[in-house]
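The chain that follows stands alone, in the form predicted alone, written as structure tokens.
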């Protein structure tokens, strides 16, 4: 005798909204604990490694908590627009997500916007004059999206460019913070970003003390912006030290 197939129901959007509202109320409180146990001013553990893709001119892998990114760099190679001579090189950036990068299909970020922001963050750090009439392609793939995707993408891309031997003024590191009422939380997870009142991201060249990109969303007071920027800049400087250590280890490793 055949049995009826078991039935099941997916999580309803109303249930997700209710959970999000509960988290938002929690985040508005003065004192709360982050789900991963970190302090408000504590970044996720950062794992960085070069040589992630053997077929590329240079590559890197980055894992910041649940966020995992692979960046491959190709070139410099002859530009398709070589007929129009340029004394400087060209930089192309593309950001994509795997189909399984997020728990809910279709919730990944706007890839075109991220591609443009990645280009803006890196362009000022690359010495384009060193490869005229040629192009460098940067392909970033988000394997797993766990929050703070764009800062991780930018940081990983900078490391991949260095691994490819592309001349740069300095390494580029990026960090973001989320605002929850009175609280500022650094290096937010995707759950925290979903409930934030605002977000600030800074990309900089720490050794040169130069900022290459700033993005700001939500409502911020001037005092909060200053506090958030100081946190980001300090974290960017420390992250750059980890990036340099990664490159030194790769250079000293036996071939």
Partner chain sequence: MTTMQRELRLSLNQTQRVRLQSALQQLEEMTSLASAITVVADTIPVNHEDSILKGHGTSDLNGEVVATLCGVVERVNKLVYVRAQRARYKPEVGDIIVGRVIEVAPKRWRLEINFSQDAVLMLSSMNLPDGLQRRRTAVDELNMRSIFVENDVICAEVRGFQHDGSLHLQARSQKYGKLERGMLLTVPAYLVKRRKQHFHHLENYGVDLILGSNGFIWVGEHVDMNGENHILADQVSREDMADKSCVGQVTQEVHERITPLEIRTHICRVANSVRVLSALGFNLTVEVIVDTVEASISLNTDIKDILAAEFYVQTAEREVQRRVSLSRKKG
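Positions refer to the first chain, counted from 1. Bear in mind that the values here come from a model prediction, so they are computed numbers and not experimental data.
This protein has a second form, the form predicted in complex with the partner chain, left out of what is shown; the following refers to that one.
- Although the partner is absent here, residue 78 lies within 4.5 Å of the partner chain in the model of the complex, judged by heavy atoms.
- When the partner chain is considered in the model of the complex, residue 153 lies well away from it, no heavy atom lying within 4.5 Å.
- The partner chain is not shown here, but in the model of the complex it comes within 4.5 Å of a heavy atom of residue 244.
- Interface residue remark: residue 91 is not counted as part of the site for the partner chain in the model of the complex, having no heavy atom within 4.5 Å.
- Shown here without the partner chain, the chain has 127, 132, 133, 134 in 114-140 lying with a heavy atom within 4.5 Å of that partner in the model of the complex.
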